[in-house]
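First, one chain by itself: the form predicted on its own, in structure tokens.
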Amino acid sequence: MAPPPTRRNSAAPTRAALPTEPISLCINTQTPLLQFLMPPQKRELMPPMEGNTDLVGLVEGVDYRYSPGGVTRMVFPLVRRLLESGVLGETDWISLNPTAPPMVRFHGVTLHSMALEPSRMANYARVKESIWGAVHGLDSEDPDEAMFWSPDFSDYGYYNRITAERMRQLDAQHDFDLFYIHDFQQLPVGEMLDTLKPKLFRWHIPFDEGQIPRPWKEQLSRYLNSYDVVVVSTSGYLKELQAFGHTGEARRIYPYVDPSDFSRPSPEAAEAICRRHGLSAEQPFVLVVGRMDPMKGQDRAIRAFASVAGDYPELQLVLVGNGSFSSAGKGLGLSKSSQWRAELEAQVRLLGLESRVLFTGHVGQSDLDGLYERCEMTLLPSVREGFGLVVVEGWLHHKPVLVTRRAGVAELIKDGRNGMVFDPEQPDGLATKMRKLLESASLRRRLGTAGATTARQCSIEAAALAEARLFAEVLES
């Protein structure tokens, strides 16, 4: 009798040979790559997609924009790199994008947009937010199993079902080699996608076995076990997945950025960018980059800043970010980002810091590069964070980082050597570390330089190699 198969749960895929033929891949995310800004009448005038014709005549920032968020910032650079290297061939990407054209071509990728009726969208959004809140430890109520039998959950399941059906239809046309499903919103797709072809799932948010409500565990375990491999973002999450009782294979691949997407503007250019956003020449500031969401902990940053502001009268706190796809008018339409910003602005007024705290809203990448280049430090104050790619972005600009210990990226930080770690529930501790960095330019330079070296572990080059080997491994098994 042959021995039973061995489950592998490792920090990286085995050193399998790279694929020898281009892989036909179907990707699924909730968040779309692009949000279309044009009115419906202009969308209707778009030419039909033919061959490799991309978005002809459309202008970024006017007709469309990239969706904010780490998932999209990761997935597209990976696809682009694997297309360029010949690892990928035909690539189709399915996402929830109710105001977009049903199908467009963009840089060699065919984008397919799913839509839901408004009532179904509202129910789907409520379930998604319930799962999000529970996993991040934000819900005060103890969720129960009844959610899986609620009318809201039926619409959550409906969205995943029609997504799986669309993937099957495309598979009949393109004969995909494998499917790659991303993030918790799409988790049921694996069970609904009836195919013998390999299915990979990437869990992007935190995975803490203790945070998952007990009544949910059996259902979530069944969903996870419907995939050939589950990919998580840190070694800590890999251990939690094992403690959860996951019986399938799992891998850790660090989230990543493409350094070529970032620039190092000259001092003059950085100063001009800062002036456009209301910062005077050479004015020192602490930078926080993240969408407006209670989970991102901007309130902690404001309280810590208030503790040091009196000792550094020129220092500013700059909060960059707007809403996510879930809070966008062209997305799920949730209002939490605007509500959270209003609460933060009220907190700033109460502390008498109106002239010291700057809300920029969303800024483009070139402006963000200028803000990174000029800041004294970058701060990630999240209550809980799946990883925290903004830390890597700060490192690419050789900036010191202050990072919540509840972020996945914290496992890469050796406190005082390549960054500093703090407890987000202790603003006084955060203020102490902010003050330590403000008092020492040499410490800031040393941590920034060491962080730039650490950032190589989160580069697109490292990730593309790991993902390509994983693809080859599952196709060979």
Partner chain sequence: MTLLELLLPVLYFALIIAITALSARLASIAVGRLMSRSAPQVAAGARRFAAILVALVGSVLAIQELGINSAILLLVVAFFGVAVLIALREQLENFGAKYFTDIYSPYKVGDSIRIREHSGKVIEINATSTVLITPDDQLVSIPNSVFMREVVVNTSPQAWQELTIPLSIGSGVDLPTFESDLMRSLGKLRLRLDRRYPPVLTIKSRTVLSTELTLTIMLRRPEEREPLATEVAKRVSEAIQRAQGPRPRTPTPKPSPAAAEAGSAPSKAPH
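Keep in mind it's a predicted model, so treat the numbers as computed, not measured. Residue numbers count along the first chain shown, from 1.
Keep in mind that the form predicted together with its partner chain is not shown, yet the notes after this line are about it.
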Please determine whether E191 contacts its partner chain in the predicted bound form, using a 4.5 Å cut-off between heavy atoms. yes
Report whether the minimum heavy atom distance between D155 and its partner chain in the predicted bound form is within 4.5 Å. yes
Although the partner isn't part of this model, could you tell me whether I162 comes within 4.5 Å of its partner chain in the predicted bound form, counting any heavy atom of the residue? yes
Counting only non-hydrogen atoms and a 4.5 angstroms cut-off, does R222 reach its partner chain in the predicted bound form? yes
Heavy atom within 4.5 Å of its partner chain in the predicted bound form: which of R120, H174, K336, R303? R120
Could you spot which one of F148, Y312, F106, F244 gets a heavy atom to within 4.5 Å of its partner chain in the predicted bound form? F148
In terms of non-hydrogen atoms within 4.5 angstroms, which of the given stretches 84 to 92, 192 to 200, 248 to 256, 278 to 286 touches its partner chain in the predicted bound form? 192 to 200
